[in-house]
Structures are given as structure tokens and as C-alpha cells.
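In C-alpha cells, one chain follows: the form predicted on its own.
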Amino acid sequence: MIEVVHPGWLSIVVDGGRHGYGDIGVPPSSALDDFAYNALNVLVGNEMGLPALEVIGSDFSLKIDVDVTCVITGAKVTAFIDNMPVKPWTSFRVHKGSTIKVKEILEGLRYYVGFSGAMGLERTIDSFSTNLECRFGGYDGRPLMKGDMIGFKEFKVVEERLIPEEHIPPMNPPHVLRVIEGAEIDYFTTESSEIFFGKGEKVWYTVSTRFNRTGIRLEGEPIEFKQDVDTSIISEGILPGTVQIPGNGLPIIMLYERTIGGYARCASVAKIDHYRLAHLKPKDKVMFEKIGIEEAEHLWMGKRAGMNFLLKQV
């Protein structure tokens, strides 16, 4: 069993996502940092798609009553197994009766905790991921709380593995997010578009305290609409990374808990920078850099090939 001693600020069960149901309004609800999630499964010798824990906040701790291998990926943290320090992105042995504790987050925001073997959870609509808004999936459709118990369907001990430091993606601010133009870019004045895309003098936005797994609101220079356009659109399907502009002109970066949106879309974050969205936290500085679709595809294909090669070598 896994006993939750302290859940941090927010901890939920996630996996690679609940895909293929957007037409009926069911979002992916997947791990926000997909590289960290996939690396976790490789480091503990699991098949892809098994559940892991996505955590925000310090003092997160678990007590484990079996011998198993564990790993922490995503945000760089100071962590301990009992009183012995362990390194993130490196798997480690946990002995029966030990306590895992994350004391402090050093870089990034969300981190992932996983184990060799399968936790005793059931899939809901083909996924283990928690949909917090609709309250299904994961652990009873809710965040973990002190005293929660998660069993193992199976567990094992595997050899220790690591991701070399030079291959761990940077997560510290300031964040430069590469974007492509959105469907309604013509709704905005030329001057505002140039400001948003960082043409000329760099303009930084600040991450608001209003953020969650649905989206991230930014504060800073408002984007101005042209006088002859509406400030909203008929709701249409949106993908994670879509940047919407509501009536107040301040960008919202959409994440993994929505399938439609009714605000004008000025841009989309290139897939290569999606992992950064998991680590934007209040007061972080964000700037957008415009690239073309072909460049975005080329960058993602190169990164994906590199990630796949790296994970096969671990």
C-alpha cells in the first residue's frame, strides 16, 4: 500500500491522457509535462500508460509498505527517503516501511512520482487521469488527501536508472514560448500583434495567480481588438497550448481540461514548448516568439526523435 502522509498543495493521479473523446466534451486531463511522465515510466521499468502522481507543492510525503523502486521527475526538488537524500530524475530503492518526502521545489512547478509496477487504480473512459472538474478518474475523481491509501496490483524492484543532467529540460523563468499565429489573429490591431509576438522591443507578461490545469492567465500589456470585430467567437474546438484573448485583452493559455473555447485565438504554443506550460507559476515572466508552422513541426519532430532515442538508452 501507499499511504498519503501529506498531499502537498495539490496531488492527483495522471497518465498519458484520455484521448479521442473531444467530440463529446471529454478533455485529455493528461500529465502536463509529457516528457517527465514518459521518462518516469522508463526509469522504473513500466510500460507506457500506467498511472503516476502529479504534484504541486513542498512537504509532499508518502509511506510505502513494500519493497519497490521509485522515481521523481519533472520539477527539480530536494527529496528524501527516510533521512537519506535522493536525486530527481534518478530511480531509487524504497524499502518496506520507508517514507518518501519532497521538502522543497528548486526549479519548475509540477513534479511526478511513480513506482515500478502498477498501482491498484481503475481506468475511466480509457484513462487513469483525474478530471477534477467533472470529478471522475484517478482516485475517486479528486485530489489526494492525508490518509488516502492506494494499493499495488503488482510491484517489483528494478535496477537504478537515471536521465543525465544535460538532458533534463530547463524549467526556470523567464520563459520564452514559441508560438504560431492563431485562427483569429486578424481580430487584433497590427501594433498589438507585434507587441504580443515580441517584434521589436521585448514585452514580458507575468503569470497571474489565476491558474490551474484548465488554463493560465497572464498579466501585462493588453492585446487590442480592432474596432469592427467582436471580442468573442462562436465556441469552437481548441487544443492544449491555444492562446485566447478575452474582452480585457489579457492572454489565457489553455491547458488540458477544455475542448472548446469562445474567445478569439491569437496564437498556439508550439508543441516543443508544451512541457514548459506545466512549470509556469505565479510571477514568472513569459514572452512569446513567433515561428512558422513548418519550423514548429521541424522542431517538434527533432525533439521527439531525440527524446525517444534518449529514453531507449536509459
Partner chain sequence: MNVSRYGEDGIRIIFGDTIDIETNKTIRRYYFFLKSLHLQEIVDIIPSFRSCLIHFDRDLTSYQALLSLLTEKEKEVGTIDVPEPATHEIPVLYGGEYGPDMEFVVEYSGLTKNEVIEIHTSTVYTVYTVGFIPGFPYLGTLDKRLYVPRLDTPRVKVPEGSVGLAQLQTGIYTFESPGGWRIIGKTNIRLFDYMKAPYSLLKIGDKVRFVRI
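Numbering follows the first chain given and starts at 1. Only a predicted model underlies this, so the values are computations on that prediction, with no experimental measurement involved.
Below, we turn to the form predicted together with the partner chain, even though it does not appear here.
- Contact with the partner chain in the model of the complex, judged by any heavy atom within 4.5 Å, is made by just one of Arg135, Lys226, Arg93, Lys153: Arg135.
- Ala270 is the sole member of Cys70, Leu255, Ile245, Ala270 with a non-hydrogen atom within 4.5 Å of the partner chain in the model of the complex.
- Contact with the partner chain in the model of the complex holds for none of Gly8, Met145 and Thr206, as no heavy atom of theirs lies within 4.5 Å.
- Taking the partner from elsewhere, Met84 is found to have every heavy atom lying beyond 4.5 Å of the partner chain in the model of the complex.
- Contact between Gly237 and the partner chain in the model of the complex is found at the 4.5 Å heavy atom cutoff.
- Contact annotation for Pro27: at least one heavy atom lies within 4.5 Å of the partner chain in the model of the complex.
- Under a 4.5 angstroms non-hydrogen atom cutoff, the partner chain in the model of the complex lacks Met149 among its neighbouring residues.
- Exactly one of the stretches 73 to 81, 100 to 108, 178 to 186, 160 to 168 approaches the partner chain in the model of the complex with heavy atoms within 4.5 Å, and it is 178 to 186.
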